[in-house]
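The chain below stands alone and is given in structure tokens; this is the form predicted on its own.
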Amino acid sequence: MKPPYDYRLNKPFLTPIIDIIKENNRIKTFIFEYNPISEPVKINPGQFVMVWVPGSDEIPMSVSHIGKNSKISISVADVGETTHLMHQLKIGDKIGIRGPYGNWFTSQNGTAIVIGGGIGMASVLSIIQDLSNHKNDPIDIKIDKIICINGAKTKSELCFNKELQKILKENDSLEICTDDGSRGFKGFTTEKLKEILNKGKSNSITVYACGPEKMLKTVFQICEDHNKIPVQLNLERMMRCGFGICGLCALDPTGLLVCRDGPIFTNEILREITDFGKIHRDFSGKTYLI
């Protein structure tokens, strides 16, 4: 779905952090009010904002929680210079937010399989909530079951399990995967996905996912091999602008940009992207194999 474009949201809006939740040793969730214009800002599941930390760089971050009264949250892993600086911030400190940008996940009828790899789980939290809302009130969308696969390298890096257990309803399921087997299924989320699909009987399945691009490529291939199950995958590429100027997030050879044409991509487009799951591009534009 193509979002409406509001140029007023391109200017960073300084807002204080109103709460911080420590999810694990690597991930913190920052909660703040985002009301940069007089009208309420509509943010949809899977969209992202550009986050500016005074004294450092600006980076794209998925919105992990879309609350009421202009409250939103971003969940941040301590993995680089800017994110490390964010982890030093305290309640009351200000950060700059602009956006939202990009398209979004859309809930579909039938069984939903939602996969989060590591911090990628933050990007799919809001679609899980949306799917659950439709399940409670199935006027337009009828959700039969939600299967959530939450994966990490080890149990200490798992996040949002308690929150997921509150969102998921009767007959839904939460599958925990760790690479080292320290909790739940020993193996990758993609192996668990294949196991579920091999056992499944539903004729209507949609797979939603966010995580490392190599994981997403495998998710896509598994779904293609299972009668081309529809996917909605949240791709994360290097970007500076957020709205199609810098070109760092280009997808070869299509010319599509993750920020402008994504970050959510479906089967039809993913089939055309030859560098999907193969390269990483740094801030200079140089590419590396992954």
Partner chain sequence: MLNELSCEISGIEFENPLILASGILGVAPSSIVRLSNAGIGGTTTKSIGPRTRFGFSNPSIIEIDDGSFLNSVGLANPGIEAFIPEIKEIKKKTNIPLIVSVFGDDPHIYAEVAKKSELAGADAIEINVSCPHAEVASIGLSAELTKKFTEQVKKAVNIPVFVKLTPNLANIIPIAKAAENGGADAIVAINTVRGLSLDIETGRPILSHGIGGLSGKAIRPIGVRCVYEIYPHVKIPIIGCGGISKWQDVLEYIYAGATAVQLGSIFSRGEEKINEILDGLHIFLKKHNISNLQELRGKSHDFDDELEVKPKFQN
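Numbering follows the first chain given and starts at 1. Since the structure is predicted, the reported quantities are computational estimates derived from the model, not experimental observations.
A second form of this protein, the form predicted together with the partner chain, is not displayed here; the remarks below concern that form.
If you check the partner chain in the predicted complex, you find no heavy atom from any of 67, 230 and 271 within 4.5 Å.
Segments offered: 22-30, 219-227, 236-244, 37-45. Contacting the partner chain in the predicted complex at heavy atom distances within 4.5 Å is 236-244. Within this chain, residue 12 lines the site of the partner chain in the predicted complex, having a heavy atom no more than 4.5 Å away. Taking the partner from elsewhere, residue 194 is found to have every heavy atom lying beyond 4.5 Å of the partner chain in the predicted complex. Contact check for residue 278: no non-hydrogen atom falls within 4.5 Å of the partner chain in the predicted complex.
Using a 4.5 Å cutoff between non-hydrogen atoms, residue 135 does not count as a contact of the partner chain in the predicted complex. Contact residues in stretch 36-56 (any heavy atom within 4.5 Å of the partner chain, taken in the predicted complex) are 50, 52, 54, 55, 56.
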